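Given as structure tokens, the chain that follows is alone and in the form predicted alone.
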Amino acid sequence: MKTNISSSAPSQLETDCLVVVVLDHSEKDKPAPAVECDDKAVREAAKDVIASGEVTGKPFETTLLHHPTGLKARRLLLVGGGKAKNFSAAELRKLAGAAVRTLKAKSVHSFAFASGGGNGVPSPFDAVRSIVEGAIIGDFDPGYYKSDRKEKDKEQKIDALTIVTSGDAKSLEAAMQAGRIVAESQNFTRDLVNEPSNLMTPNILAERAKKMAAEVGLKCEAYGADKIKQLKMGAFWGVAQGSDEPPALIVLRYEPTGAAKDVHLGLVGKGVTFDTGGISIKPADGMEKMKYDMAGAATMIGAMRAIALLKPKVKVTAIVCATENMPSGKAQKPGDVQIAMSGKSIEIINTDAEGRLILADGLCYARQLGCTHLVDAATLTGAVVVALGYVNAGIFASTDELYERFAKANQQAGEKMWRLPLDDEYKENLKSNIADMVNSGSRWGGAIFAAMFLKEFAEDTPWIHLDIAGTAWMEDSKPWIAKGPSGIALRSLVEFVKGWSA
């Protein structure tokens, strides 16, 4: 999708469709919709349909007008953004995605989005970035293995987006490029997660990471079983040993000149390219979705792509532990004891609690490489879905200071996450009769137990854990995004890293 900026009056722009936001400015129940555009001709073109009560401004309400009077655009699409007092850049991002998905279905190939001018619309810089991000994210189609896809793509493809706004040209261009980088990196993450496991093995994931790194100027190393054993990553190898597919330890390095010497961020991702549960095998129903169990790894790889292109002045290393979790004659069994890289011993209670095992060694390796602050992301527990549903990802933080930093980035990114506790009382559940700890505990507080387990391997290094099990996969299509991989946490991670820039 080509993107560009125009300072023309929206009514004078020749385009297949002009998109404008309608917000509800009422303080009470009766809607008071208004078009967020300073162009009088656009407001006049929408006046009658708004007066009729058909347009209320409720979120994602779409009304398409053909041959709108006084406009050079062939169509006018009104997109509802909800209450004006609650409108934000995050909501605008979703509306841009909704506009793309609406127009694609109608075989519209190009459109213009008027970034606003009313009281509820964000600043020109934030608006441009949000519109570009939302449009590119909304354009992602997970069904590319369907046999009719090439022909359908010709019919339903957005070729060009023009953002109509005013302001400093250089600043707006920078906003557009930043939005493109982040959105394309999020779609890159979604593409990795979307691949079936026979086409996304650990080594294929490593090759995709290497290819991306070469394109954007990152250093990338990928190691196999010999290195994993050499590093004494017994927890990681315990999971990997049951599969015929070899594991991969992927290390991506971003080392800009001029970066602060005392900050080295470590991003650690769970890369289980297919999770059967191992000997503690999962039920067959829904197991096909377990290709998404490497979403944490994909998020870290995608985040590194964006970081390399945005060029913040801070050193970042991403570590991905990639493997399958399979049942076989070689697989680890409940009751086995594995020795992690840190030297801690782990009694395996449930082989389906495998993500925390590979992350344990990933966190330890990140500390060995000199990382001063850690963030891990993983589709780790079903328990976090019980706690937070499919709306919020779970955040755990070892220090309030690091949490506040991440929360600020999360708010800027517009992603929904919720902090859960790490009280010392939960540590009791980690106790084992024969080892330092068990890998699976009580049914209650399962997401917290997993986080407490990981905290043992982050040790004193400030650390954030993101449990994205309920949000990395969209169970249903939304107006702004297709069913399937979401790319959750990438935008927050990018904002978090930028916040450390020297």
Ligand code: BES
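Only a predicted model underlies this, so the values are computations on that prediction, with no experimental measurement involved. Numbers follow the displayed sequence, beginning with 1.
The same protein also has a form predicted together with the named molecule, omitted here; what follows describes it.
Exercise. Is there a heavy atom of Asn350 lying 4.5 Å or less from a heavy atom of the named molecule in the model of the complex?
Worked result: So Asn350 counts as contacting the named molecule.
For this session: Indicate whether the named molecule has at least one heavy atom within 4.5 Å of a heavy atom of Val108 in the model of the complex.
Result: No.
Exercise. Taking heavy atoms only, is Thr379 within 4.5 angstroms of the named molecule in the model of the complex?
Worked result: Because a heavy atom of Thr379 falls inside 4.5 Å of the named molecule in the model of the complex, the answer is yes.
Exercise. According to a 4.5 angstroms non-hydrogen atom cut-off, is Arg190 in contact with the named molecule in the model of the complex?
Worked result: Arg190: no contact with the named molecule in the model of the complex.
For this session: Counting non-hydrogen atoms within 4.5 angstroms of the named molecule in the model of the complex, say which of Arg74, Lys232, Lys210, Lys282 makes the cut.
Result: If I apply the 4.5 Å criterion carefully, the residue I get is Lys282.
For this session: Could you work out which of Val55, Ile464, Ala469, Val438 is the residue within 4.5 angstroms of the named molecule in the model of the complex, going by heavy atoms?
Result: Looking at Val55, Ile464, Ala469, Val438 one by one, just Ala469 meets the 4.5 Å heavy-atom criterion.
For this session: Look at the stretches 245-253, 270-278, 406-414, 141-149 and give the one with heavy atoms within 4.5 Å of the named molecule in the model of the complex.
Result: Partner-contacting stretch among the options: 270-278.
Problem set entry | Interface residues of 282-298 toward the named molecule, as seen in the model of the complex [heavy atoms, 4.5 Å] | Counting only heavy atoms within 4.5 Å of the named molecule in the model of the complex, the contacting residues of 282-298 are Lys282, Met290, Tyr292, Asp293.
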